[in-house]
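What follows is a single chain, given as C-alpha cells, in the form predicted alone.
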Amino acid sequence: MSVTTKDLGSQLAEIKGAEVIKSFCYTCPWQCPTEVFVRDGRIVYQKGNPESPNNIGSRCAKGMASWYVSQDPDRLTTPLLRTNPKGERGEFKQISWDEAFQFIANKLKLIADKWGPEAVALTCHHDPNTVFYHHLLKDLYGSPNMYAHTSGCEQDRRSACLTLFGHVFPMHDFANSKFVMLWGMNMLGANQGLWESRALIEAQAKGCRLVVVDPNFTETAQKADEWVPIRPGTDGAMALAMCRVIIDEKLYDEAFVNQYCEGFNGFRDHLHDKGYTPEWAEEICGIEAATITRLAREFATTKPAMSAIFKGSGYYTNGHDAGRACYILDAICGEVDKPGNIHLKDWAPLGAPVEIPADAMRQPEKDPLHIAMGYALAPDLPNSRLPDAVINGDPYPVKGLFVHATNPVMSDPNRDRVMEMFKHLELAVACELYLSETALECDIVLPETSFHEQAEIRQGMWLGPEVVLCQPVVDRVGDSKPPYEIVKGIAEKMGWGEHFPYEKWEDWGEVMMKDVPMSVDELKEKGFWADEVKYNRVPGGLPTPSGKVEIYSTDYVNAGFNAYPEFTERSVIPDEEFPLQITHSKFSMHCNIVTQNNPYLMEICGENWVEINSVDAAKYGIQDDTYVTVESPKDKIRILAKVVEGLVPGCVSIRHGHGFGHWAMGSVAKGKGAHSNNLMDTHTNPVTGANCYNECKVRVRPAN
C-alpha cells in the first residue's frame, strides 16, 4: 500500500516513535505551518504541514534548522540587570522575574509622572505576541508609540500600497499570471513566502514570462526570462517612462481607469509635462529606450500581468515614488486584484487576546512619534529618526524603550548614533533570545522563549483569509518566559493584573478566535484555518479617500507632496574619492537575529561577502575570494570579495545578514563576517520614513 502525502506525518511519527504537533515556523515573518516531531522532550524532525496552502508541506533550510534554537546553550536563561554605567559595554547580574517586573514598573511610573506616557516607545519585529505589549503600554499606560521594524524592511512598498489601494500588504497571485515584472525583488534569494516562490516557478513552466529589473543578477534574475540590469535607484524613472508609452499608445485599460482610478487624466498630463519618455529614462537608467518601450508594450498586452516590488526599489530617498510608479503600471492596465495580479487579500476575523474595558483605557495625549516627526504617510516609525527624540527631545522626549525580538544597534543605519541613543534612556528593556548587541546597551534584559516554546496565533501570509497557530512543542530554555507571561507580570506590578486574566495560552487563544469558525482545540489539531480566496474588490470600493485606485493621491496632497509620482535623484552619488554605489542582497539560509548562531546554517554559509563587477575589480586590483576593505566616508569594514559578471558596473552588492557576534550574541556567530550598516550615515525617506540603506558611496581596495 502506498503512503499518501496526507498520512505521511503519522507514518513518520510512528517510525520515529515521536509525537507530531501542528505548529508554524517563525524564523522569518512568513510563518509556514509545520508538523513538529517530538520525542523525549526534544525535536527530532520537522516538516511542512501538507494541508497548508502556505507551503504545501515544504520547508526552507533556515526553517529546517530552526530546531537548534530550542536547545542553543548560548540562549539567555534568566533576567539580567545592568550593573555598570551606560556608554560602557554592558555588564549584568542575574535577578528574579519578580525583581525584573518591579524594576520595570517603577521606571514606567517615574517616566509617566515626569514626561508623560508618550515618552515610552516599543519597537519589535512583527512578532504576533507583541500585541500583549500594546495592551499594556498603549491601552493601559497611554503611549501612542507602538511600532515594528517596517522602516528597515518594505516601508516604501507598504506606503505605496496604502496610498494607491488602501491595502497594507497585498500578496502576489503568481499562479494565474502570464507576465510578472519584479523590481528589485529577489524572492528566490531571500527564500521567504514559499508558496509564492513555488507558484512563480510553476507559472513559468506554464508559459508565464518573468522579467526582473535589478542591478544585481540575483537568484530570481537567474530564473527569469529577461534580466534588466538597471542602475541603482532609478526604478522610478523606468516605470514612469513605461507608463508614458502605455498611455501614449493607448494600451491602457480605458474602462478600468475611467471607472476605478482617480486622477488618470492628470497623470497623463503629468508624464508629458515632466518629459518622462523612454529616451529620457535611458540616460538615467542605463536601459535602452527601445527596451523600455518593448517591455511596456509586452506588459500592457499580456493578460493577466503583475508589476511588483518589495525592498529593492526602496532603500533610497526616492523610493516612495519609485514604488508608486511601479504599482501604477498595474492600475492603468486594469491589473489589480484579479486572478494573476497583485492581490488585495482579505484578513481573517481574528480578535485581540485580551479585552480591555473602555473605561480602563488611557487615550494618548500626544500624536504618535511618526506624526509628530512630520511623517504623516509613514506606515511605521522612521527608525533612523528615533535617536533625535531620545537624544534631543525632538519632537518630544522619549525616555523609555522596549525592544522586542529586534536588534536596532545592528539593523538600523549609523550604528554609532543608535548606540549613543541608548545612553540617554531612563529605561531600556530588551526582550530577547540572545545577549545581542542591542541587549548589551539596555538596562534590563528579559529572556524570551523561542517560537518552539510558546504559543502564537496570527494572520497567515497567504492569498486568502487565514489563521495560523504556533504551539509550544518543547520545554522552555532555562527560566525564559513568553511575552504573554512577561506582560502579565509587569501589569500586575502596575496594578492592572485584572486585565490579563488568562492562566494558560488557550485562555487568550479562545478570546482571539471567538469570531473565527474554528475552536482553539480544532486549531491545535489542524494547525491553521483558511477561507476561500476572493478577487475583484476594486468595483466594491477601496478604503482610499476616493474609494478608487488613487493615481492622484489625496493622501500625498494632504501631506504637502506631489499628487503624482515624480523622479528625483537619490541623495548620495558616487564621486572620484568614493566611486562605487552600495547595494544589498540577502541569503536564503539566514534571516534576522536567530540564524547566525545556528551551527548548521553557518556550516552552509558561515560568512558574508561583497560582490564586485569584474570591470571594477580589475580597476581597483581586487581578486576573487580575497579579503577587501570597503570604506565609506563614515566607516570601513573588512569583508570577503566575490568577483562577478552579473552586477551593474559602478556598484557593489553586500550580502547582508552576518557580522553579528563580534562583541555579542553567541559562540557560533562570534567573529563571523562583516556588518555594513555603520558604513551608512542617517538617510531617511522624506515621505515614508524608510531607512535608506543604499544611500551610501564607497571605495574598495585589497585588505592589508
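Residues carry their position along the shown sequence, with the first being 1. The model shown is predicted, which means the values in this text are computed figures rather than measured ones.
Not pictured, yet referred to below: the form predicted together with a small molecule.
(request) Give a yes/no on whether residue 565 approaches the small molecule to within 4.5 Å in the predicted complex, heavy atoms considered. (result) Close contact is absent here: in the predicted complex, residue 565 is far from the small molecule, nothing within 4.5 Å, heavy atoms only.
(request) Could you confirm whether residue 23 comes within 4.5 Å of the small molecule in the predicted complex, counting heavy atoms only? (result) Residue 23: no contact with the small molecule in the predicted complex.
(message) At 4.5 Å between heavy atoms, is residue 636 in contact with the small molecule in the predicted complex?
(response) No, residue 636 is distant from the partner.
(message) How about residue 144 - does it come within 4.5 Å of the small molecule in the predicted complex, if we only consider non-hydrogen atoms?
(response) Taking the distances in the predicted complex, the answer for residue 144 is no, it never comes within 4.5 Å of the small molecule.
(request) Decide if the three candidate residues 30, 311 and 583 all line the small molecule in the predicted complex, where lining means a heavy atom within 4.5 Å. (result) So, yes: the whole triplet contacts the small molecule.
(request) Go through 508-516, 256-264, 278-286, 188-196 and give me the stretch that gets within 4.5 Å of the small molecule in the predicted complex, heavy atoms only. (result) Among the candidates, contact is made by 188-196.
(message) By the heavy atom within 4.5 Å rule, which residue out of 523, 433, 377, 122 makes contact with the small molecule in the predicted complex?
(response) If I apply the 4.5 Å criterion carefully, the residue I get is 433.
(message) Using a 4.5 Å heavy atom cut-off, which residue among 468, 325, 213, 164 comes into contact with the small molecule in the predicted complex?
(response) Going through each option in turn, the one that passes is 213.
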